[in-house]
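Only one chain is shown below, in structure tokens, and it's the form predicted on its own.
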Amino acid sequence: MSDREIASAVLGCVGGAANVVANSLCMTRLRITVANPMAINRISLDLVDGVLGTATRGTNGVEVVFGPKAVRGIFNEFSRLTGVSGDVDPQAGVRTHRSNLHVHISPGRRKSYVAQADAHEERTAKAASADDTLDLTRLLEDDIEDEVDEPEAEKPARRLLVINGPNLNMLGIREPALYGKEDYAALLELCKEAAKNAGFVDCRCFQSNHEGAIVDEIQDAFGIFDGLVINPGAYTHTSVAILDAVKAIGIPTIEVHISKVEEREDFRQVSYIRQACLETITGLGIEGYRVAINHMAEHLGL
């Protein structure tokens, strides 16, 4: 297979270009960070031509091990296919100390790896068998040594979803004395900026005036997003369906309200969504979203 064909096969095994957040080259490895690690098909990945083994890297990362001569071409083609500009690790080839990565050697690749290890380590290795898998793993880990404790220090890639309910698209027009003069575009800009600064790799903002659309968006977040910040608007006080959707997906959730709802009409004192939330933030204007995003980042360990 050509480098491009191998890169394409690897891409298919990790959920396609839409699932790739970042990729980089480090010595013998193609490092890939994905949005949804559940989309990685490790069995198929092991069978891709040229793959010597795989290693888990953090919560959302996988490392695909190739020979030192083959990996650069594959990395270049993978970057072209994904459109994600990859980086070459400045530590590549610099020996520090033994890697803490746990490496899985692909079935059927052990013998070929030994041959490469012979040349790379300038020593003779016995033909691989089921009995010397541990020795091969050690050879492979020596070959892919990394920065000191980097796998433990690396923060997980987290994605945030912000949902706004009915009439929040009318910010700046709707009762500015209560909701402020900033418009919805300003709210979106704030959320994106706050999420990036808090360490999230992605922040999707969604708004709808329709209850069913909000329920659909919450359900679609399952397995994709790690945290949810939600202002259901008027549905806060009426929607059991939105509550049930949030409880169903089990994603950490924070409730936000721009106004100080606890000082408003009696019917606004009821919040169904609150039963599924870590906390509720009210009365801070759109800055309440920044507070919620920072609190969510802390909760997720960012």
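One rule holds for the numbers: they count along the sequence shown, beginning at 1. Since the model is a prediction, treat every value here as computed from it, not as a measurement.
Not on display, but discussed next: the form predicted in complex with a small molecule.
Position in contact with the small molecule when the complex is considered in the predicted complex, options R264, K69, R42, R274, heavy atoms within 4.5 Å
Contact residue from the list: R264.
Among I258, I242, I254, V51, which has any heavy atom within 4.5 Å of the small molecule in the predicted complex?
Only one listed residue qualifies here, and that residue is I258.
Partner contact for G233 in the predicted complex: the small molecule, 4.5 angstroms, heavy atom
It does: once the small molecule is placed as it appears in the predicted complex, G233 has a heavy atom within 4.5 Å of it.
Against the small molecule in the predicted complex, would R174 count as a contact residue? Criterion: heavy atoms within 4.5 Å.
The answer is yes: R174 has a heavy atom within 4.5 Å of the small molecule.
H237: touches the small molecule in the predicted complex, heavy atom cutoff 4.5 angstroms:
Because a heavy atom of H237 falls inside 4.5 Å of the small molecule in the predicted complex, the answer is yes.
Does any part of Y184 reach within 4.5 Å of the small molecule in the predicted complex? Heavy atoms only, please.
Looking in the predicted complex, residue contacts with the small molecule do not include Y184, since no heavy atom lies within 4.5 Å.
Report whether all of P166, Y179 and R268 sit within 4.5 Å of the small molecule in the predicted complex, measuring from non-hydrogen atoms.
Spot residues vs the small molecule: full contact, yes.
Looking at heavy atoms inside 4.5 Å, which stretch does the small molecule contact in the predicted complex, given the options 193-201, 166-174, 220-228, 206-214?
It is 166-174 that comes within 4.5 Å of the partner.
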